[in-house]
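Given as structure tokens, the chain that follows is alone and in the form predicted on its own.
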Amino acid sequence: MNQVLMKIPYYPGCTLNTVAKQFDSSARDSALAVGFEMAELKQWNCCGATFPLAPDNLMGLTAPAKVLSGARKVGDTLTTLCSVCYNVLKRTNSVIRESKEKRGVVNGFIEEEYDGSLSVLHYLEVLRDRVGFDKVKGAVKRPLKGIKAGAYYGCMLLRPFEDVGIDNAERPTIFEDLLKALGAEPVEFPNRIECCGAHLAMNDEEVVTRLSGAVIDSAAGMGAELVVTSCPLCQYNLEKSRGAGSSNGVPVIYFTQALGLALGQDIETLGFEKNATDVMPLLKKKGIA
């Protein structure tokens, strides 16, 4: 009997459609392997990439609101992978749901009648809450046995907690729980919830190098042989800053690449060649590739 797949509307965002295609493709294939389909929205636009910090900047909510409105027409849940997109969409959804006045203005701008009733879930939440990590563990065909992996949350998955937090803001475990299910050995490190420097990469590389370099050094200092991310911008900053410390040989990969690897996907399809540091020597050393 064919497996009935759970179908969830999916917002890829700009980066996963361009320079982070390996993040997108490994996630789609992995989803099918654990029982759900990511149904990409037929029409979508950039989320804006930054949640407006000025309370009266309602124009800054129009781009993500348009995405949310479109998603609500095809379902009651929307999932995404990029931490920044997730942060912007979920916070915008909260504003629209909680403020009748702002909802009216934003809807006027986008010419829609959206009420904030969509449930915005990060892919990690879908795995934990809709699929279940036990089911993920049961689908593992190539355990990541022996790999000491550091899960890097950054700030966008966790803060502000009242609007976004997918887990405990100070001591999250969702990422580590997934790594355990995949057979890896999670390594907690002090800088795992610190900012990588984010958009400062465009105008102050020195700050980004210092912050991201500290993240990699922190992970390597606790024994991590691999760092796993959920954000293309974090991925870029961490990879570019590896030379700042003694940890410049530590590969940085997307969590969906680790997931696809453990689920038995063809290694050639996981896009590891697009990552800045070759992870293959580590995989061969551990007998995984």
Partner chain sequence: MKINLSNQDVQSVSVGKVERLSGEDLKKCYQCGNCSGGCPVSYKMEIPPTRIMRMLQLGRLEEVKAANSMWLCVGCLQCYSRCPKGCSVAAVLEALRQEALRESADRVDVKELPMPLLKKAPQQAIVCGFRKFVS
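Numbering follows the first chain given and starts at 1. If you're wondering where the values come from, they're calculated on a predicted model, not measured in any experiment.
Just so you know, the form predicted together with the partner chain exists too; it's not on screen, but the next bit is about it.
Trainee: Quick one: of 49, 41, 33, 222, which gets a non-hydrogen atom within 4.5 angstroms of the partner chain in the predicted bound form?
Mentor: Selected option: 49.
Trainee: Pick from 193, 118, 96, 121: which has a non-hydrogen atom within 4.5 Å of the partner chain in the predicted bound form?
Mentor: Of the listed residues, the single hit is 193.
Trainee: Looking at 135 to 143, 179 to 187, 202 to 210, 67 to 75, which lies within 4.5 angstroms of the partner chain in the predicted bound form, counting heavy atoms?
Mentor: Stretch 202 to 210 is the one.
Trainee: With the cut-off set at 4.5 Å between non-hydrogen atoms, does residue 55 touch the partner chain in the predicted bound form?
Mentor: Yes, residue 55 is a contact residue.
Trainee: So, residue 259 and the partner chain: in the predicted bound form, are they within 4.5 Å at any heavy atom pair?
Mentor: Answer no; every heavy atom of residue 259 is more than 4.5 Å from the partner chain in the predicted bound form.
Trainee: With the partner left out of view, is residue 250 within 4.5 angstroms of the partner chain in the predicted bound form by any non-hydrogen atom?
Mentor: So residue 250 does not count as contacting the partner chain.
Trainee: Please check if residue 160 has a heavy atom lying within 4.5 Å of any heavy atom of the partner chain in the predicted bound form.
Mentor: Output for residue 160 is yes: heavy atoms within 4.5 Å of the partner chain.
Trainee: Mind listing which residues of 80 to 104 have a heavy atom within 4.5 Å of the partner chain in the predicted bound form?
Mentor: Sequence-ordered list: 82, 84, 91.
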